[in-house]
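Below: one protein chain in two forms, given as structure tokens, structure 1 then structure 2.
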Structure 1
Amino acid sequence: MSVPMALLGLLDREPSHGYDLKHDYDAYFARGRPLPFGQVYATLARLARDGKAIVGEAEPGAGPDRKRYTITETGKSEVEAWLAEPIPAEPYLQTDLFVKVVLSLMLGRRAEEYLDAQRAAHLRRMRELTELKQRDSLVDTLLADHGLFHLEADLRWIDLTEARLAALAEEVAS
């Protein structure tokens, strides 16, 4: 997740205060991992430094004075380019899951135990995501579906790998 691009995209909707940007980011993108205020303001400072956003004058508010941020034409162009660029479709071939299986075998440990533990962790997370889907928020449902599909693919890989462990153990032993 690109925090700078997400904040720029939110600014492209309308000028906003850092507090409001954090609130919107957390509501739409954070899902259990809220963005720290320090990261919001550090990112906004970099966006302003790089000419992608403009910082307005301090405005009095209910708490400390707030500054309204506005996206620049440079920032708008960057958001447009970022939105148009597809995410690389090629998956990473060196995932932690794969590395742990191979290292387990290389070190003479039982990779089956690791795979069983990973399967159980994935199934727990899938139950959590399924519960999240039942909250009737389309945003939550779509995010949960994305996670579920990835976990399902991992589970298929775990099953396939478990069926091939003997052959893989021979290959990595040589």
Structure 2
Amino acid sequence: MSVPMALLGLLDREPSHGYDLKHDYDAYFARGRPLPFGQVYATLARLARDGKAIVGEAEPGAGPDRKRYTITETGKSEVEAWLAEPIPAEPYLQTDLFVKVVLSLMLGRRAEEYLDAQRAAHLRRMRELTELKQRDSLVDTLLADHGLFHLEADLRWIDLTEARLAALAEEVAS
């Protein structure tokens, strides 16, 4: 995830203090991995250096982090371009899932057992994410659904692979 672009995007709403940006970042994007203050201020300093944001004067009576940041025109057009640009359609072709199956078959192990255990783990996680959706926050639901569809894609692959294990075993053995 691009932390600089996320912070710059949040700053595009209105001029903000570093503390407020960190707060909103943590609320929407961090998912249990809050952004350290150090990283917030280092990132904001870099955005300012590159002309994407302007640092205001420190406000009187406040600590060193009571500075307001404002996005520049350069920053705004960067956010605009970034939002519209599709991310690479990453097909996860180097997943451990795949390597484990192929190696199991090469080594003559029972890949079914691994796939069953993986299926159970995936479904367990899917139940947790589904529970998250019952909390009536659409933002939580949006994120949970994203995870759920990806896990479901893995599961379809697991089912199909399991159905083809005998043929696969022949192919990798030769």
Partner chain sequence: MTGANGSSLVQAGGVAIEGRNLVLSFGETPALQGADLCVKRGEIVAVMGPSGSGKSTLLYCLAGILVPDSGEVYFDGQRLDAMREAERSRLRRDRFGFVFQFGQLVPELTAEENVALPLLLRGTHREEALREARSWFEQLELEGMERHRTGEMSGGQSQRVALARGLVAHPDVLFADEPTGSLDSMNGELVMGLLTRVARQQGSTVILVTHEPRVAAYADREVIVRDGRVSSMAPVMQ
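Between two forms, the rigid core is the largest collection of C-alphas that superpose within 1.5 Å. Quick caveat, the model's predicted, so the values are computed rather than measured. Quick note, the numbers are simply positions in structure 1, starting from 1.
- Annotation: structure 2 represents the form predicted in complex with its partner chain, while structure 1 represents the other form.
- With the core superposed, A120 shows a C-alpha displacement of at least 2 Å between structure 1 and structure 2.
- With the core held fixed, the Cα of K100 is displaced between structure 1 and structure 2 by 2 Å or more.
- Relative to the superposed rigid core, the position of the CA of V40 differs between structure 1 and structure 2 by less than 2 Å.
- The shift recorded for the CA atom of E162 between structure 1 and structure 2 is 3.8 Å, with superposition on the rigid core.
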